[in-house]
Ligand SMILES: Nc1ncnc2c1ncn2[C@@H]1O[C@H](COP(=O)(O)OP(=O)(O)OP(=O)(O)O)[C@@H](O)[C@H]1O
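Before any questions on how it binds or moves, here is one chain, the form predicted on its own, in structure tokens.
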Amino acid sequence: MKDSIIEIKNLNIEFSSENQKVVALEKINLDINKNEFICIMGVSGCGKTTLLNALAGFIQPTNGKILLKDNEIQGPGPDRAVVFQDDAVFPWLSVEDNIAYSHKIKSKYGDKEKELVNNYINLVGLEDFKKAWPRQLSGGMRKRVDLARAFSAEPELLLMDEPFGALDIMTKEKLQEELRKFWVERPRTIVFITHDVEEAVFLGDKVIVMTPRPGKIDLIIEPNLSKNRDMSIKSDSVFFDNVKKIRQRIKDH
């Protein structure tokens, strides 16, 4: 029985202007299994965000195709949720209404959905702020709202584009731990874009390293770390060895 939920087949993406053609991605072939946590990383300009945008349906392949559960992705859909680097909370909605938004636009918001929203509010530690407005929250708290809303939508595929990149290191590491906890407790297929080697190794059960443009898959590593890990794993020799191997590979480019 096939385990893959995503199949990327011979994917090429080019961007053209009057003066030049830029090949962003070239010959990408990748299968992603259900409930895998995939981190994709590489130097700036390697096409990792382009790949995420193609998975989201925001841009179309020049050649090749992307299948989600055997159906070709041809545009955005409710089976995918995206968390961006910048805050995407609605300033005119409270914390609980932001998290409940996806259910309300689907006209599916009964007692079951209210309970689900409350569970996510509690999980991200915002139970004392559920009536608060986004302007009353810190950057880390707003990002917690983003995470809770994305998981609450229960997508087939959760896409995350450097969501912690603008945060200070302490907040960033705390949210990395919380995201791992989310994923362990409520498994979801996640594709997470980052340029941070330690973040990729800590979060992902598979790390994909891309070449500089045109972006190709250069290396796939499975860190083989404990599932219920926290920041203490960074002192583990296995963690260090994975980070070292990836950094050397990127340096060799």
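For every residue, the number given is its place in the sequence shown, counted from 1. Keep in mind that this is a model prediction, so the values were computed, not measured.
The form predicted in complex with this ligand exists for this protein as well; it is not shown, and the discussion that follows is about that form.
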Within 4.5 Å, heavy atoms only, one stretch in 181-189, 216-224, 42-50, 200-208 touches this ligand in the model of the complex. Which? 42-50
Is residue 240 near this ligand? Define near as a heavy atom within 4.5 Å, in the model of the complex. no
Although this ligand is absent from this view, report whether residue 11 comes within 4.5 Å of it in the model of the complex, heavy atoms only. no
Quick one: is residue 22 in contact with this ligand in the model of the complex, heavy atoms, 4.5 Å cut-off? yes
My question is simply whether residue 162 lines the interface with this ligand in the model of the complex - judged by any non-hydrogen atom within 4.5 Å. yes
Going through 165-190 from first to last, which residues have a non-hydrogen atom within 4.5 Å of this ligand in the model of the complex? none
